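Below, in structure tokens: the form predicted alone, a single chain.
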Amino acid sequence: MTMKYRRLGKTGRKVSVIGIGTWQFGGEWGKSFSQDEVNRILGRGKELGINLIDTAECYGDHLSERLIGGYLKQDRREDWFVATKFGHQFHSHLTRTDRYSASDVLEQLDASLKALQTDYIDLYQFHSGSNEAFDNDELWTMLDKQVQAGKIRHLGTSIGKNDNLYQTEQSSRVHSEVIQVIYNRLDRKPEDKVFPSCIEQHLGVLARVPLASGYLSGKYKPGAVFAANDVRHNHDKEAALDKLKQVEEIRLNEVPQGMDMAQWALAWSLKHDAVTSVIPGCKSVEQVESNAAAAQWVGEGHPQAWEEA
């Protein structure tokens, strides 16, 4: 199995089509992680050609970042494209408050750099904030200064609602070069307006929740029950049941016989011309291996496919 790479929009950076999402390292997906477990997951990901990690300041009050930092200090930092986010203060399980002022975000940036044990962040993303919070020239001026200072390599926007065309269209104005958005076989809304704008502006796209919070993994049947400390425990029960019924229909009618459904779902998201990479979470070495294997089903000829100089 050979990993494939794409150019992340106007950043010009080469990233693997399969990344590693790390909300789970913050402890809100039914499991806590030791440093050794994280080291094994990220180390195996690297062996398989993955070079993209996505995290956030509020995944356990910088906990996910600290675990990633514990791994990075023993590895070659330059081998990784590390993306994190700003805008929230973690308080307790699934409880946050917004922090989008320029001074608050500068404080968060320094805390993220310390947690990640690095002196720069490859992609620093506005995290699911309102349009009012986004429209803050002082914030973006401060962030531009941090780019000039070398603390940040590139800016991005992780849109909360996947039809937020306003923040997408304003990307070039605020020097945001990447859009992160929910996109999967069960939720195709970005195809209507967001993706055309991304293509027009030459923005990289990171597709988060590509397995629809695990529903598209094929592991869960209608009626599945999640642990109380798993974020999916709080999902609307009727909506979850409807999703699992849709998944069963997709499995029967769209997934080739004998093909792993999770790998099919990741490759499906990567077919769209706008999408650079998918960033599924993983709780084990086996899951990162399965995710990485989806690259074998990704076709050639994508507009952002990497061509060696």
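All values reported here derive from a predicted model rather than from experimental measurement. Numbers for residues come from their place in the sequence shown, where the first is 1.
The next section is about a form of this same protein that is not shown, the form predicted together with a small molecule.
- In the model of the complex, the small molecule lies farther than 4.5 Å from every heavy atom of G45.
- By the criterion of a heavy atom within 4.5 Å, L67 is excluded from the residues contacting the small molecule in the model of the complex.
- Proximity of F81 to the small molecule in the model of the complex: non-hydrogen atoms within 4.5 Å are absent; the residue sits far from the partner.
- In the model of the complex, at least one heavy atom of K283 sits within 4.5 Å of a heavy atom of the small molecule.
- None of S158, N162, Q167, S176 but one reaches within 4.5 angstroms of the small molecule in the model of the complex through a heavy atom, and that residue is S158.
- Exactly one listed residue, out of L113, A212, L139, I152, brings a non-hydrogen atom to within 4.5 Å of the small molecule in the model of the complex: A212.
- Across the proposed site, W29, D54 and Q180 without exception bring a heavy atom within 4.5 Å of the small molecule in the model of the complex.
- The stretch in contact with the small molecule in the model of the complex, judged by heavy atoms within 4.5 Å, is 212-220, chosen from 144-152, 71-79, 212-220, 115-123.
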